[in-house]
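Below sits a lone chain in structure tokens, taken as the form predicted on its own.
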Amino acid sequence: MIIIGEKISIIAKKVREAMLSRAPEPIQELAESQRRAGAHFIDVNIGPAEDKGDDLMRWMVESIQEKVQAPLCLDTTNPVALEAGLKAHNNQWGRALINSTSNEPERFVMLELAAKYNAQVIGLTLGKGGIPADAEERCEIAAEIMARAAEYGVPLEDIYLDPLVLQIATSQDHAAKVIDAVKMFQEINDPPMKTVVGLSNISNGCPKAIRPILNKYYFILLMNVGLTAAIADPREMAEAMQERQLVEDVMAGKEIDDVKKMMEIKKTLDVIMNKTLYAHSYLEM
């Protein structure tokens, strides 16, 4: 399982302030801590970065790789900034990963850059029509992305298909549909396609106390159907691996000694699989 550390994002106040002031230490510390916790890639999300985004992305890449010998996942919708990051990226520690292309015309340029710089790329199954309705529609979009990648000269083995995880608080039925999509993505090509999710999207908008619970158990369900990679908190994912056997025992109908943990697992799995209606207080019900 490939873990892409998610913590370096312009959404986070600490990171945003470090970016604006060009203070490398907070960003380097986050990169180092995620690497120590088991991250294989470090995600670098600078957002749209419309004003001097190329300078910002270059600075981010150089600052992080000065301290951390790991490949980076470059996340921006600005192709000029993305190219600056790809140029600065030290491929000695692995090839860069572009986050992301999609079936939207304005993102086709990401495939062009992937081919030009021998980078890997995430293919987000989002089309011109917006959010896909189900696993089948996600697969249709995935097939179109794969065909377009071939046109740009990007090998299929360099693509990670992303089925688009949505908030369980507002789009509960999509949690199970994403699991189905991960299964189906592996059946549309031989060898199977690689897959990735933005894992913590599942718990966006949820109370802080239950976010890691949803993240961890959803990760285990996705891992069990063949997920290749997750953009996630590596510490949470390490905890998930420790709890995996407990979750699988509960799924198999076995009783475990910790009754409170067993109920936490059962209730969370039922919410994820849309068997019971999500509420912020679902663990107390």
Partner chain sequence: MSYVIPKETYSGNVLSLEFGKAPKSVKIGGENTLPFLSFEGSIPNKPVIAYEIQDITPDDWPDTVKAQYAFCSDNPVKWAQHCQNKLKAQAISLRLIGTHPDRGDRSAGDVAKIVKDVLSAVDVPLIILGSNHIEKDASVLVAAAEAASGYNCIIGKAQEGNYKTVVAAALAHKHKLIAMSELDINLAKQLNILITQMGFDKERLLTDPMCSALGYGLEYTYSVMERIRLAAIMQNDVTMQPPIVGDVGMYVWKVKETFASESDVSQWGSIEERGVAWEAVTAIAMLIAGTNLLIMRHPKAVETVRKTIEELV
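Residue numbers count along the first chain shown, from 1. Note that the structure is a prediction, hence the values are computed from the model and not measured.
We do not show the form predicted together with the partner chain, though everything after this point is about it.
Novice: Quick check on residue 277: any heavy atom within 4.5 Å of the partner chain in the predicted complex?
Specialist: Contact with the partner chain, yes.
Novice: Does the 4.5 Å heavy atom contact test between residue 146 and the partner chain in the predicted complex come out positive?
Specialist: Taking the distances in the predicted complex, the answer for residue 146 is no, it never comes within 4.5 Å of the partner chain.
Novice: Residue 169: heavy atom within 4.5 Å of the partner chain in the predicted complex?
Specialist: Residue 169 belongs to the contact set for the partner chain.
Novice: Looking at 69 to 77, 125 to 133, 169 to 177, 82 to 90, which lies within 4.5 angstroms of the partner chain in the predicted complex, counting heavy atoms?
Specialist: Heavy atoms within 4.5 Å of the partner chain in the predicted complex occur in 169 to 177.
Novice: Quick one: which residues from 236 to 265 get a non-hydrogen atom within 4.5 Å of the partner chain in the predicted complex?
Specialist: Nothing in the stretch sits within 4.5 Å of the partner.
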